[in-house]
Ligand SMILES: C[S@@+](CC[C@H](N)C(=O)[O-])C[C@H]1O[C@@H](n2cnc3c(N)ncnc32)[C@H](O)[C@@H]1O
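Next comes just one chain, in structure tokens: the form predicted alone.
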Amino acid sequence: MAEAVDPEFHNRAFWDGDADGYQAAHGHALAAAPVAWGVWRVPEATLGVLGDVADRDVLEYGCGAAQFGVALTGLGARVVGLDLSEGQLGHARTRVEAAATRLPLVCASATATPFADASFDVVFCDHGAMSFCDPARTVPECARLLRDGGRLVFLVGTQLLYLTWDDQGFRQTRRLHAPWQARRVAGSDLGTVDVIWSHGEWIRVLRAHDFVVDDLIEVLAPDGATTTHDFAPYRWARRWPAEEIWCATRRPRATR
């Protein structure tokens, strides 16, 4: 996996070019299990990381075609979808119209959103902005957007997944192939550029921006699970976590 410099710029171009192909390959599976996490679609009902979203203001932070967000509106949430790709948002608009629901869609950078301070009770993403932008910029933006006691929940790829990738063999292995980096930016000209941080780096940036870490869930592929994504082999992902979910709460702002 080659090093990259500007993940957000690269990923905007990638997703605009690949939106149709991505939704053709994966959109049906995402819509079939919309309130679920990761490439293996682990149900939110099993994990319970979002909590009760009824009557909550929720931001899907890198919404793609908004399968997750549309489903949450059916649970009573007031959802807004944000994505940096107009191509992906075109699919989201079609889905929102088909569902006959209210879900505003915004095309903007996740590192400089157009929303007012303390606009949301929940900010979440399933990969999305936390995988494809610099966390040193997205985490403070989430802190700004969340109300006191608000919840930040995001799923990203694990360090282990990238450390065990064999560039020469172009396959996932059981051996380490890359040196340790606390902050890794990895990708290629053929796909997304992914930002992968160590647990220590995530904890430090979350604490620095007034978050309390509530939980970290390392996600294994469920027994018998299938996926349309070429993210990690099933047998590998049954033994080691390819994805992880971070849950954090926004501490109350200091009063003057």
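Since the structure is predicted, the reported quantities are computational estimates derived from the model, not experimental observations. Throughout, we count residues from 1 along the sequence that is shown.
There is another form of this protein, the form predicted in complex with this ligand, and it is not shown here; the text below is about that form.
Asker: Which residue, Leu145, Ala186, Leu84, Leu161, has a heavy atom that falls within 4.5 Å of this ligand in the model of the complex?
Answerer: Among Leu145, Ala186, Leu84, Leu161, a heavy atom within 4.5 Å of this ligand in the model of the complex occurs only for Leu84.
Asker: Of the options Leu72, Cys133, Val153, Ala92, which one has a non-hydrogen atom that comes within 4.5 Å of this ligand in the model of the complex?
Answerer: If I apply the 4.5 Å criterion carefully, the residue I get is Cys133.
Asker: Given a 4.5 Å cut-off on heavy atoms, tell me which of 161-169, 177-185, 97-105, 122-130 is the interface stretch with this ligand in the model of the complex.
Answerer: It is 122-130 that comes within 4.5 Å of the partner.
Asker: Should Val58 be counted as a contact of this ligand in the model of the complex, where contact means heavy atoms within 4.5 Å?
Answerer: Because no heavy atom of Val58 falls inside 4.5 Å of this ligand in the model of the complex, the answer is no.
Asker: Though only this chain appears here, would Val139 touch this ligand in the model of the complex if you measure heavy atom gaps against 4.5 Å?
Answerer: Answer no; every heavy atom of Val139 is more than 4.5 Å from this ligand in the model of the complex.
Asker: Give a yes/no on whether Val80 approaches this ligand to within 4.5 Å in the model of the complex, heavy atoms considered.
Answerer: Answer no; every heavy atom of Val80 is more than 4.5 Å from this ligand in the model of the complex.
Asker: Although this ligand is absent from this view, report whether Trp246 comes within 4.5 Å of it in the model of the complex, heavy atoms only.
Answerer: Looking in the model of the complex, residue contacts with this ligand do not include Trp246, since no heavy atom lies within 4.5 Å.
Asker: Is this ligand close enough to Trp15, Tyr22 and Gly64 in the model of the complex that each of the three has a heavy atom within 4.5 Å of it?
Answerer: So, yes: the whole triplet contacts this ligand.
Asker: Relative to this ligand in the model of the complex, which residues of 85-110 have a heavy atom no more than 4.5 Å away?
Answerer: Sequence-ordered list: Ser85, Gln88, Ala108, Ser109, Ala110.
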